[in-house]
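So this first bit is one chain, no partners, the form predicted alone, shown in structure tokens.
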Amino acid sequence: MIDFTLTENDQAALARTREAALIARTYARYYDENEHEMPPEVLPEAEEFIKNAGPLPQSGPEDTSRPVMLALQSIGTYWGDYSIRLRREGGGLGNAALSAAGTPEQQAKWGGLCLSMAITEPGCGSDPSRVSTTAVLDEETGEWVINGEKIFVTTGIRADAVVLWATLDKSAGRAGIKSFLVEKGTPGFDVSHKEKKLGIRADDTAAYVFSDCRIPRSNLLGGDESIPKKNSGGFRGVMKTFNMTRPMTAAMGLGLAEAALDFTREQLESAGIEIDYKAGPGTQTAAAEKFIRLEAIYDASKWTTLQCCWLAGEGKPNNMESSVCKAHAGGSVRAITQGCIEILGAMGISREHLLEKWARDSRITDIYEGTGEIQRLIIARGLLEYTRQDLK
């Protein structure tokens, strides 16, 4: 039986997350409008906040599972702002891939670095099996030679190294795709530019170019050089990374959606508009009825995401659920932030408030780590037992 009851420790941790989020929110507008600057690793108020906050109560044996708490804390953190944190975690998406598929030696060597993950290419977007960046083994030197271009690499500027997807054999399709660890500063590895974006402007997104970039043979993630004929080889293993990162992406977007709902509720209340949850259809204002519908969308998306995380915490398969919650949240956060703007009118698009920023930032929820369209293909394959050839 699924139980999301929060312990005393959980509640204290989430309350602290919200306090830190409010501090981060004060920096949100500045870094949104000064995209060329990157927020510091630690905000100026961080040390004093942590000092004054004091220790959390000790965790008990009945505490909520870790993945569920991670999702709830992500919602709380991004309720403050999508890009600004009191403290930035040291890792990136590549660190999740390292944990999922790296050897013990690789995890020991690379685990302390911030790792981005480079998949998308100019001719390869949501279908990573079409990766064209190549990795060729030089038998004489025992080095991999990497050639290709990657775009839209999240944390691409800030990262110390990258988990790079490349193909050993294009004719082998997905089975030929492997992941490689490449450190910044390696000859032939060029960070060509930082992207300018609609939203999440304080999060750095970069483009990489690899020109005869040579890396040690041991930098192949997982160390398996074989190219199986009948399955996906290392591709399938690294794709499991997304079974946990996709619900976290959903949670991040839900943080923005909750912030938008909270702001809109406050403005409606200050305008004297009552929200009556017991009233029937057509018995209260159109604004109040629309707001209740938006809250219902939020709740459905939140519980779908938490269910996916609970499965992960129980060690149960969650491939389908990770796509369901990611697809649902992608549409939900867009509908909620846009709906809040429609309720508030001119106030919603004013730069005096953060609502318009949250609407811009929320768009990424449906785009990266697999677009909503790709998630629906995965769901259809799972439910209807369609093959990759049936759904292209």
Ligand SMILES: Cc1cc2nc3c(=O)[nH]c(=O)nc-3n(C[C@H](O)[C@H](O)[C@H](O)COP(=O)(O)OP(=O)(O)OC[C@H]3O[C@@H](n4cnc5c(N)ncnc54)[C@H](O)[C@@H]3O)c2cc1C
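Note that residue numbering follows the sequence shown and begins at 1. Keep in mind that what you see is a predicted model, and the values were worked out from it rather than measured.
Omitted from view is the form predicted in complex with this ligand, to which the following refers.
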Contact assignment for this ligand in the predicted complex, among N318, T304, T133, T205, heavy atom within 4.5 Å: T205
Partner-contacting position among G125, G313, G188, G223 - heavy atom within 4.5 Å of this ligand in the predicted complex: G125
Please run the contact check for M69 against this ligand in the predicted complex: heavy atoms, 4.5 angstroms, yes or no? no
Taking the shortest heavy atom distance, is Q73 within 4.5 Å of this ligand in the predicted complex? no
How about I367 - does it come within 4.5 Å of this ligand in the predicted complex, if we only consider non-hydrogen atoms? yes
Report yes if any heavy atom of A380 sits within 4.5 Å of a heavy atom of this ligand in the predicted complex; otherwise report no. no
Only one of 287-295, 247-255, 140-148, 117-125 has residues with a heavy atom within 4.5 Å of this ligand in the predicted complex, and that stretch is 117-125
